[in-house]
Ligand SMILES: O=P(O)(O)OC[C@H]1O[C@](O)(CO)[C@@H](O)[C@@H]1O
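Before any questions on binding or motion, here is one chain by itself as structure tokens, the form predicted on its own.
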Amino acid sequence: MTQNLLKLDFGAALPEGGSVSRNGSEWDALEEALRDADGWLRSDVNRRRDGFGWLDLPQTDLAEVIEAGQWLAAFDAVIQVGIGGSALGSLMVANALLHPCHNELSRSERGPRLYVADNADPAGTRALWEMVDPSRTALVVVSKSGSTAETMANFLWLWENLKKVLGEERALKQLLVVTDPEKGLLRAFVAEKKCRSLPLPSTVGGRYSVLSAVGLAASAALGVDVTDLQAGARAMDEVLLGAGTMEENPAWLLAGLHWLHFLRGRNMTVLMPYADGLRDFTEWFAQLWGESLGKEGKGSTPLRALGAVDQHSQVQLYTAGPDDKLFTIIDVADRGERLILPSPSDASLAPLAYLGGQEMGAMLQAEARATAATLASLGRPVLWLEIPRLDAFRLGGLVYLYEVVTALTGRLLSVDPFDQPGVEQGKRFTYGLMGRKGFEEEGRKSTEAFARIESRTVSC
């Protein structure tokens, strides 16, 4: 059944000018490998393992999330404290579905203002705090383990300052904790303080958590129809489950083509939407893709771009630089807003007369097609992905599609798409350098490793 979610054109992404045909042995072998990968992903045994829980999120009851969103909606501002997957999902949804200047609208025109405390940069955290009225601000802290140093540093500072201003009893009434339902530091905090909380299922990793309370609680407060987001993901899941061949399954196509190009030395993937509302989608994708696949000397480096802005910064490299990238151009058929360009009335602007009467969105779509065509004409592999419009339903479908694509690609690469050992090592070194008990050896190793960097110096 057609769900009107998206259209994917892949003729210019077939390796070596299309020599991989539907009837070719490599294509057949790839389809079989993807069928096996899909079976692995959806097996009943694996579905109960850590990392696989996001597959069930499209069917999750959202009553608790919606209730929390209604509670948050009464505040003038919401500060979400998290990093990586605990922050990027909410930012992505807000960027895609809210007014581009949401925080600057009057209170009658918007829900709460949204601020995200992700990086542990004191200037940013202090500036954020100075933008809000503590008495009308909700604090949402997101961490499954409760041990992420950056998140807990921001939480500690903001929480203590909220208590200073309001007192603990009042501050607790303005706090929401999203964490593991059974264990971890923040779960212990919830048990001690009896504050409001929402569960982040233990089998869902942060970068796959956008369709859980992590990404949906603040989104619901801001007026996003989170049931539509979930419905889009569910519709995409139905499409993927009902597809019997490569050419019917956009997830198999995207994963398979990334794999084929990886084998040919194209170990970078460029995601380039021609829509401001998908700018933060590329940020979310970059973490999902890079952290899931970069292991054991393998991986595909995600490159973020925004059309048409990056036509004037990156496309020169894409067209005349090394042929080491697979490109995905994302276009939006109906942009909603229509701006008709006036004919110039000034004599000096007469050369711009060709723009008069044109629609600005049509020009952006023409630029998207021109970029894709330019790359294809040079033999660069290009995928063209088009969504009918950017709304909650299509965004939910797009999120779920790329989560499946990432997991399948990891399976083809023979890496675990749900762990992040490189990130964990950095966390352990940070704990050691910050004096956390039990991590003294990591602190010593980190100091020794950094000494190698400092062994040769130039100062000016």
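These numbers come from a predicted model, not from an experiment. So that there is no doubt, residue numbering starts at 1 and follows the sequence shown.
Separately, the form predicted in complex with the named molecule exists; it is not shown, and the next lines address it.
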- Note on the structure: Superimposing the pocket C-alphas so that the named molecule sits as it does in the predicted complex, and applying the rule of 3 or more atoms within 2.4 angstroms of backbone or C-beta atoms, the verdict is open
- Partner-contacting position among 145, 282, 174, 365 - heavy atom within 4.5 Å of the named molecule in the predicted complex: 145
- Note on the structure: the named molecule in the predicted complex has a heavy atom of only one listed residue within 4.5 Å, and of 203, 137, 287, 314 that residue is 287
- Query: Is residue 85 a contact residue for the named molecule in the predicted complex, using a 4.5 Å heavy atom cut-off?
  - Reply: yes
- residue 423, heavy atom within 4.5 angstroms of the named molecule in the predicted complex: yes
- Message: Taking the named molecule as it sits in the predicted complex, is residue 258 near enough to touch it, meaning that at least one heavy atom pair lies within 4.5 angstroms?
- Response: no
- Item | is_contact(residue 427, the named molecule) in the predicted complex, heavy atom dist at most 4.5 Å | yes
- Message: Only one of 302-310, 331-339, 137-145, 250-258 has heavy atoms within 4.5 Å of the named molecule in the predicted complex; I'd like to know which.
- Response: 137-145
